[in-house]
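Taking the form predicted on its own, here's one chain by itself in structure tokens.
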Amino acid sequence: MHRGITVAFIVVATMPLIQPLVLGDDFECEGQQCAEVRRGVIAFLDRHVGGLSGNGRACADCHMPTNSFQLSPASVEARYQLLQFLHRFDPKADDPLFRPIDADDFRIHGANASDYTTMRRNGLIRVTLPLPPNVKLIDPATNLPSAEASVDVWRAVPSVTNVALTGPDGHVFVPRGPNAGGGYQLDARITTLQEQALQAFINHAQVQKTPAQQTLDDLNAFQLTLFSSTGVRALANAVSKGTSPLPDPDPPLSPLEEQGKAVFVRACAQCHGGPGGSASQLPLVARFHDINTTCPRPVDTVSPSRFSFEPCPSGLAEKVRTYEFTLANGSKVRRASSDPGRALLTGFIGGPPLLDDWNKLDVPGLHGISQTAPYFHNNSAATLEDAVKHYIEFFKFAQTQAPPGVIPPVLTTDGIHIDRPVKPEETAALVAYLRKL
């Protein structure tokens, strides 16, 4: 009975989403086959889709429809507290979000793990990635390379809204895969939405059977109908039709928001460019970036400090591991990070920016950003103000890393003056505009 209460709570909360897809005759299928979209939303919500013998998780358990199809710490904690309440009446009450694989003590206790501190506090889930052949993890007890063949990193659950405008976009600036022109997931390791769904079934729902291709296609069709606003929907439709010029997805803006848009175009659009807000624009020549959101964060050794990043949030520093890379010339380099990003896919470090994947992640789209707090790959910025503050320090940091007499493109519009960085006094205007994206 009480297990049914838990299920009912989540399903009822998603009814505004279900009704137009399953029952409505006038729902816009955004160029997809409506039959696929209808099956897709059912598969998205079904905890036992296709009899795959998984752990009871549905896509909607992590990509919560009531939370802009993402997972925030606040939503996790609310579900955890609800589950504790239900346990008062039924010890077998269940919420599939809480599975041992995403518990902090999983590597110690396996199926009996029960410590969900990182998920509750930070809204992060475990992502296990194989190590490249030239990469070893260092055992903290012995300071020697371990025999571990994979590593756990903890990442946010990105929203699946606006995926029609994100993913691979053909902006290939680094001839090194996977997906040198962008992809899905925070490190762009996934090529298609179908592949993304398959990996989620295997790694997070722990299914024992392979999902049918139709199920993956249906989920793809459904996700391509999800948009954060009517303006973004119109933009995506125009992109798919090859319309030129593309419509502006922004709603009417106030004078303050117009000021913020000018700041965005100057300082932010160089990375968050293109229709999806996720493609680097020239003169930048890289799709993937390190914005110093991992742990440990840079600390200036000069006094007074030229930049000052906020400390990593509680709990993230303990996720730091030390990696040993064997370079092409046979030398070995050690670096420490809570999430080395694409270096875990390629094994490339030690060179200039285009030849160093250390801590680099894909550029996320920003449409609907006001609905998807907290921010960054590890949810380390609680608010848009926090995110802007981080970038103010990032621009300062970038200036300290440039050789004498050199102004990096990220800092200049004309190659002569440092004029791109966001100024503290521009924060209110920029945040006001970001809330309208």
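Just so it is clear, the model here is predicted, and its values are computed rather than measured. Residue numbers run from 1 along the displayed sequence.
What comes next is about the form predicted in complex with heme C (HEC), which is not displayed.
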* Leu316, Leu361, Leu224, Ala343: which sits within 4.5 Å of heme C (HEC) in the predicted complex by any heavy atom? -> Leu361
* **The unique member of Arg335, Arg155, Lys261, Arg79 whose heavy atoms fall within 4.5 Å of heme C (HEC) in the predicted complex** => Arg155
* Taking heavy atoms and a 4.5 Å cut-off, does Asp102 contact heme C (HEC) in the predicted complex? -> yes
* To do: State yes or no: in the predicted complex, is some non-hydrogen atom of Ala432 no more than 4.5 angstroms from a non-hydrogen atom of heme C (HEC)?
  => no
* Is Ser146 close enough to heme C (HEC) in the predicted complex to count, meaning some heavy atom within 4.5 Å? -> no
* Asked: Hey, in the predicted complex, is Ile407 touching heme C (HEC), heavy atoms inside 4.5 Å?
  -> no
* Asked: For the stretch 42-75, which residues lie within 4.5 Å of heme C (HEC) in the predicted complex by non-hydrogen atom distance?
  -> Phe44, Arg57, Ala58, Cys59, Cys62, His63
